[in-house]
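In structure tokens, the next block holds one chain alone, the form predicted on its own.
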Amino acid sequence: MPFSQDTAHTLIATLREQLGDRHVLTAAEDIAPALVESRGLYRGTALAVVRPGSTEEVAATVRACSEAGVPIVAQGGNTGLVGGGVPYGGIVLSLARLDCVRSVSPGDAAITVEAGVILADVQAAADEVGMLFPLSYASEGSARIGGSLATNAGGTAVLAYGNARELVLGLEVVLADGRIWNGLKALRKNNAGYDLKHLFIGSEGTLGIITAAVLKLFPKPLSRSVGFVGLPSFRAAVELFQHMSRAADRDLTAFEVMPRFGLEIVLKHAPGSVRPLAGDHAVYALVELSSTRPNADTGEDLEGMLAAGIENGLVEDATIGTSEAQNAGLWALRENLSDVQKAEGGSIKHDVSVPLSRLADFLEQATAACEREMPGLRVCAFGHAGDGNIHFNLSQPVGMDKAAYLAEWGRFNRIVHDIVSEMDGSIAAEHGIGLIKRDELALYGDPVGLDLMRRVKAALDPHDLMNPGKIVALGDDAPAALPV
């Protein structure tokens, strides 16, 4: 969507009048960090990074861009993994200054926060009043809640509390024409027409910009235990999860899996990592029990479940943390896995989900298919086994040229995503579509569903100015989907 230099200059001048010079950044060194996501797969361009300090300033910025016909990409912590926050011309609208916790209401079990509040700070604000905000993932120290909601983030607590979508009571959103929709209600039941908030959660800023949210809070667990388990196979891990889920019900708050290769690279590259079990195992599971019941003893419960797993041959070895420091150390083995993969060279990543009943089948079939396709390929399949979400990542063969390996991304997409599709799964479990899966969505998505998405986009953003080219491409000038 081309626009003239005169239009760009006039817009920048208008934004400086509205926000002040220091909140409209145009110098190359100032805008450079906003042009690349954390994985470095895409590099974009932008006229400026603007930093409004209120919802009203966000609305004024959007109105000015709309009138000028200049696209807008909203950014929170810029921790995305699918190219969804990378701009291709136009304005980057940073939400970092919208960082106010507006209210905390233990009586409503709710907290109202602006979009720029860092996720860890939302958790801390809940903790200060003796409650829990359960959304948690590795980048929570820099990710901002607006981005978490715009991507419908998952994380490690989905098993017990659901995705980000399930944690939202209300939203405030700036629409593509600059109007403000105020849906900030702390209501558990509200059937007054369409539930509009769900249009914007997971929309990656393509329909509007989330500026504030009312989020659910929960009682803090009074007892918590973490175990690290060695298993002979992913199939044994899935069976162990099923046994534990029946025994623990909602007290089973996390069930994460990782392969031997995953643990080995964490121990190799993450400083301070300690091998949790004496021997080697094909697969490892990190399990967590937590309870709000005053008399609960999750340590005893977890020990009993793992002992039963040993007796029935599912579990080969296990350890249970005896302190919060040990619990944190066990969790770090899982949480550091995403980051250390880069030390092993190129990584072709797939964030997929399949029905739990097909999870073991998927892991076996997809692993065999990819290893057949490229000898020496190292499969690093890990993640949230309890909710069927696996990060099916493929590390390059040792010694292979990284660029040559990453050029095979499309070929491995077809292998992995074909299997996911055959199992009635999803090619985008928790990271979103962004750019990297936009064309995959067009290939695997239901045609009627894709048509509805385009109609919703056209209705709410008729000029295609809100993060254009992401999720669904409406114009002919959309950026390339696969990394270049």
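These numbers come from a predicted model, not from an experiment. Note that residue numbering follows the sequence shown and begins at 1.
Beyond what is shown, the protein has a form predicted in complex with a small molecule; the following relates to that form.
Contact annotation for the candidate site: Q75, G85 and A138 all lie close to the small molecule in the predicted bound form (heavy atom within 4.5 Å). Scanning R51, H417, H431, R63 against the small molecule in the predicted bound form with a 4.5 Å heavy atom cut-off leaves one residue, H431.
Of the residues given (G155, G321, G230, P276), G155 alone sits with a heavy atom within 4.5 Å of the small molecule in the predicted bound form. Partner contacts here mean any heavy atom within 4.5 Å of the small molecule in the predicted bound form, and among 370 to 378, 145 to 153, 356 to 364, 221 to 229 they occur only in 145 to 153. Not displayed here, the small molecule is kept clear of S421 by more than 4.5 Å at the level of heavy atoms in the predicted bound form.
E288 falls outside the set of residues with a heavy atom inside 4.5 Å of the small molecule in the predicted bound form. The shortest heavy atom separation between L81 and the small molecule in the predicted bound form is within 4.5 Å. K349 falls outside the set of residues with a heavy atom inside 4.5 Å of the small molecule in the predicted bound form.
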